[in-house]
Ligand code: BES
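Let's start with one chain on its own, the form predicted on its own, as structure tokens.
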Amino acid sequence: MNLEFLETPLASIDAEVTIVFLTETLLEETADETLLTQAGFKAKQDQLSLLHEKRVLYCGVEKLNADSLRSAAATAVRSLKDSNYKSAKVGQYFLKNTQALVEGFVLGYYSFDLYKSKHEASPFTELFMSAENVDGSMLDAQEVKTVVDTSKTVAEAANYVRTLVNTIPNDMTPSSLAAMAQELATQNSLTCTILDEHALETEGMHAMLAVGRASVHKPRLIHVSYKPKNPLHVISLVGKGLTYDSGGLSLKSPTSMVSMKMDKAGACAVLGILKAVSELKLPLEVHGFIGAAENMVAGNAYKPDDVLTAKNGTTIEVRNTDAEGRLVLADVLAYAQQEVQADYLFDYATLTGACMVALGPYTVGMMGHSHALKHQFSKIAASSGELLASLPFNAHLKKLLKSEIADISNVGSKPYGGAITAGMFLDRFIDDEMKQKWMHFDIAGPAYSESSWDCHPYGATGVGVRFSIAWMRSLLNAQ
């Protein structure tokens, strides 16, 4: 779908359908109230009523705020995508909500049908946004255009992540993910370095190598960099890239294995963030480090009771081979700190089901030592459309990672607080000088869904891109 901003009033735009958002109060003021009431339209959130004879699609919203408009915009564009209309137009609902509208339209239009035998293209391909506001005034065209262009770039980067995550494990192996990173680097003038299994051995990354040992698709470490002139900050992003996770010898149940293509969502989010940063030309140097591996079962698979030596020399007792993502991240975090002296270090991972138990399926778990960083991300989350919540480290949970035969165990000794103990395991691999600059994002809950919600269809959501770009832009605004 082509989303285009036009400076002209809404009435002067040539399109087949006009999209109008109504609250219950605005419903009472519209000229079509009688027709809408007869149709049973009450302006409830995400309720739709298409008056074909007037070519107007009315969409209900609880309030004229970002969350309500984003969800309603996604619902509206899905409806039009299933229609025979080719184009639509929409006005503004105050500049503060323009970002949400764009996100709703772009994210809501997305679908993944690569593996369908028949592809039916939607006739609906054009959406025009006017500078005209809901109150009839004309907003500053350049301000609106800037928000539209930025929001569109970020939303399209999230859709890029969705496609990577949705791609099946037979097609998206560690080497395939490395090839996708190289393709992005070529297209967006980034630099890309790939370390194969031999280079990983040379680097002493034995934890990551152990995880990928039983797969015919050998692990890869991917380093993608965006380096503008005179960057204001240097940021390293680390992503968990398990292109498939069977659980290893600690085998998952059959139902738990379905959708495990999503275990690379952290890695894909890192690529999506780099895509957005480079296209927005932010004055930030950003490095993406991805640990890509497949956790499979074979005669040479790593085992519970094994002791692995990570890149930083820490020895790890393996008690559960399904706690593999943290082993990969341990090595990649150490490598990232070795290669780049960053101002900030963030990791993204579908790390624990325990995070979903704690926060539900829609919220990212945020962990780290810096209260200032936590506050910044919590504050920015509301504007990004993605949900974050902080989970606290504590010394009592840290004791659960104690090993009698190695420096640390890869899982806690009690089945509680698993998201936090996973974060505290990663903390063991953060250098002292980086402790206050590091944040861990457990995206296991919102990364993938088997039912639609908000502006997300079935499948991958692209989580991580929007809140990270929002934080980076707020960092620049604070200069």
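The structure presented is a predicted model; accordingly, all values stated were derived computationally and were not measured. Counting begins at 1, following the sequence as shown.
Only in words, not in the display: the form predicted in complex with this ligand, which the text now covers.
A.B. asks: How about residue 320 - does it come within 4.5 Å of this ligand in the predicted complex, if we only consider non-hydrogen atoms?
C.D. replies: It does: once this ligand is placed as it appears in the predicted complex, residue 320 has a heavy atom within 4.5 Å of it.
A.B. asks: Is residue 263 near this ligand? Define near as a heavy atom within 4.5 Å, in the predicted complex.
C.D. replies: Yes, residue 263 is a contact residue.
A.B. asks: Just checking whether residue 350 would be counted as a contact of this ligand in the predicted complex - the rule being heavy atoms within 4.5 angstroms.
C.D. replies: Residue 350: contacts this ligand in the predicted complex.
A.B. asks: State yes or no: in the predicted complex, is some non-hydrogen atom of residue 411 no more than 4.5 angstroms from a non-hydrogen atom of this ligand?
C.D. replies: Residue-level check for residue 411: yes, a contact with this ligand.
A.B. asks: I need to confirm a contact call. Of 386, 245, 285, 132, which residue comes within 4.5 Å of this ligand in the predicted complex, counting heavy atoms only?
C.D. replies: After the contact test, the surviving option is 245.
A.B. asks: Tell me, out of 152, 213, 398, 252, which residue has a non-hydrogen atom within 4.5 angstroms of this ligand in the predicted complex.
C.D. replies: Only one option qualifies, and that one is 252.
A.B. asks: Which of 352 to 360, 277 to 285, 367 to 375, 231 to 239 has heavy atoms within 4.5 Å of this ligand in the predicted complex?
C.D. replies: Contact-bearing stretch, as computed: 352 to 360.
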